[in-house]
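Next up is one chain by itself, shown in structure tokens, the form predicted on its own.
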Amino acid sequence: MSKRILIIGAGTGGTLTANRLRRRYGDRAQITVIDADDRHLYQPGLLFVPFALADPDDIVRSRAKQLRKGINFHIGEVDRVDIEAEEVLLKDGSRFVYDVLVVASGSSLLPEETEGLPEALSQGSAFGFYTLDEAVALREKLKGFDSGHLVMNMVEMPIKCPVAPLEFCFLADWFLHERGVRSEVEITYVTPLDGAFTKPVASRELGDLLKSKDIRLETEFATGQVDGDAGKLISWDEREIPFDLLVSIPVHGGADFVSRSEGLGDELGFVMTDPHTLQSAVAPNIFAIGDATNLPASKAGSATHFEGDTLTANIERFFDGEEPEGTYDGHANCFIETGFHKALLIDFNYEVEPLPGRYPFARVGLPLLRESRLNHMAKLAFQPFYWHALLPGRDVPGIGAQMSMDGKQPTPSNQGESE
């Protein structure tokens, strides 16, 4: 009897996992992927849409067409996972049994968790860019925004792509300069963190970059309410920040079905997952990947890509009756658009924060923690790499899943620091 592998979610994690497992097992495994629709969104492209740097039609493709031949794709909404019976129940009454389950359902936006935010979004005083419709609406708004106070607010961590709010501020600075109205617009980045980023060295670098671009940084701001009518953000300690245009990144949580599946998720609905093996805490034949997990790693496509190596190897070990190996080290890297056709690159893991140097090699690589046009060009080149290498689950020569210190310049003050 062939192995029954069921994957919930046909985003980055689910797709690359399905494709890798299909290459590994061929017809010796029955691989089924479930998702609610057939629209695969290239999420990094959402950042570019508000600034007319990306066409919405170019960042959406069919989910089914990203899956290798022989993988079953089913459209439907998951109701819950029956862990004891080893089956997934859909809202239409369908049931799918599994020998191994992979939860790759991503994360969800929860604006309703912040008082006043849904109303501000609906009335047009607040906008987002984490969905395609929101990004398109914000593009139209920015076309006519010539003066006032633009506020970028991240309500709470974790979020998808933690550097995206910073990138938005940098691109807004560039965009308003291009339109000749930057001097008429004040930009403020409001964050619950104690700095511009979670990692100390990168936080200092990015904080200095914000300052150099005259972007105000408001830290340790615990957003309690959005008053769209009055145009102000209000924190739990009653600090107020006025705005004429609010761009909000709301609270994130896991998929609804995770909370309905007893023992699967934490209080936010993220799957409780071993940070090194990708095995779930609730059952040895359930694994999770990407934004759906509660890992202390970045919810970013690069992290998901690197997680895929560990995940697929441990699924194979499970079928072989072996213990999983904890080979995932939290590795992630991120390009940070800084405007004016430049970008930064950071590379880090659970234990080592972003360091200066070059990636992936000392002699041949992109500059780390430094603005460059080369990094900007590499970020633009990532989109075809995503469709043609990352999603198909191909190995990339020279870029390993574990973080390498080759090319990096560690100092005594930043070795071994963790998130």
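Residues carry their position along the shown sequence, with the first being 1. This is a predicted model, so every value here is computed, not measured.
Below, we refer to the form predicted in complex with a small molecule, which is not included among the displayed structures.
- Between 339-347, 158-166, 232-240, 173-181, the stretch whose residues reach within 4.5 angstroms of the small molecule in the predicted complex through a non-hydrogen atom is 158-166.
- Proximity to the small molecule in the predicted complex, defined as a heavy atom within 4.5 Å, holds among Val81, Ala126, Ala104, Leu311 only for Ala104.
- Comment: the small molecule is not present in this chain, but in the predicted complex one of Lys379, Arg358, Arg370, Arg68 has a heavy atom within 4.5 Å of it, namely Lys379.
- Using a 4.5 Å cutoff between non-hydrogen atoms, Gln43 counts as a contact of the small molecule in the predicted complex.
- In the predicted complex, the small molecule sits within 4.5 Å of a heavy atom of Ala36.
- Although the partner is absent here, Lys299 is a contact residue: one of its heavy atoms lies within 4.5 angstroms of the small molecule in the predicted complex.
- Ala10 belongs to the set of residues with a heavy atom inside 4.5 Å of the small molecule in the predicted complex.
- Residues Arg63, Gly76 and Phe257 are all found to lie within 4.5 Å of the small molecule in the predicted complex, as judged by heavy atom distances.
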